[in-house]
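Below you will find one chain, with nothing else, as structure tokens; this is the form predicted on its own, and questions on how it binds or moves follow later.
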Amino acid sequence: MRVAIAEARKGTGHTSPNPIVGAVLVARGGVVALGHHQKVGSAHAEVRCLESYGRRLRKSDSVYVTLEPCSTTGRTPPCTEAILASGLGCVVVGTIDPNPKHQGRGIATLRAAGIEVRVGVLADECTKLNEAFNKWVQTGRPLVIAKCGMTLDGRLTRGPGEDQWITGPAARRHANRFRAQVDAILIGAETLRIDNPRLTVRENPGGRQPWRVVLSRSGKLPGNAHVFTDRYANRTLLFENKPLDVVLDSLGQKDVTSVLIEGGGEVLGQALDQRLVNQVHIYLGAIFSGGPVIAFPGTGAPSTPEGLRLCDLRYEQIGDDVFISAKARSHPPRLQ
């Protein structure tokens, strides 16, 4: 199953709105084939794995797959049909399909046909492969990642006339690479006016360009901004005077499973206040600036116990900067 997990990760950033999935075929006492889901509309992991082997299997043979095989026809035929036709006798599943409409159906189909099915092998690791997909398929909303580069005193900007970069080149490249793993990048109108960002994936040439989402109260934005005029202009969405939760619902309906909020401070503060943040990616620059823009302004939590608690914290030094990633603990929505 660890091999299947590694195989699944090869599809990161290429399969949305489908999950990433890996499969390993074990026959005649050893691993004989691997497969992963490569992109939407292409064969699923277990089908690719079985087809790459291309021989009739025996009841003593097994396939290991990180996610429950699908049992319904979508863009591709059901994976359960390919498994049943292969002749193998055992399927080892990492985690059950999180979609309430399909949950457990593939497993039931295989067992009813006499296939031995083992479920829950490295379940936590397999579940973590598809956190964005899992949230989207269960709630209709994308996973929200709040990202910023900030100073040690919590600012997004430096003083007037100074070099505005807070973090170094290595940290900025690290952040850009992550863009290729999300479906959309979201900013506010003020960030567009001041920074005129491109919001492109420069560290993954030829990779998928995420949607670029701009929020504006007035809709009065510079028409010559990069996001409206470059070759990815058709990948830009403008939401005028829409609450952030409504925007997320709309993006979910467009099959957006993950959103990276890149600023500015007002949008980050809104997301935090409304408890819409699922993960944080913070690049901490080795500098105090006293700059005018606070990273997460807003009304804030009424008390410390009511603040957003984080878990699964990870720290990584990148050059002179520190990258902090964490997940938000489950919490009830703030009463308005």
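All residue numbers refer to positions in the sequence shown, first residue = 1. The structure presented is a predicted model; accordingly, all values stated were derived computationally and were not measured.
What comes next is about the form predicted in complex with a small molecule, which is not displayed.
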Any non-hydrogen atom of L260 within 4.5 angstroms of the small molecule in the model of the complex: no
4.5 Å heavy atom contact, N224 to the small molecule in the model of the complex: no
4.5 Å heavy atom contact, N241 to the small molecule in the model of the complex: yes
Proximity of G106 to the small molecule in the model of the complex, heavy atoms at 4.5 Å: no
Residues V3, V24 and C126 all lining the small molecule in the model of the complex, heavy atom within 4.5 Å: no
Which of 91-99, 141-149, 78-86, 225-233 lines the interface with the small molecule in the model of the complex (heavy atom within 4.5 Å): 141-149
Listed residue that, although the small molecule is not shown, lies within 4.5 Å of it in the model of the complex (heavy atoms), from R118, R193, R111, R202: R193
Contact assignment for the small molecule in the model of the complex, among A184, A171, A189, V137, heavy atom within 4.5 Å: A189
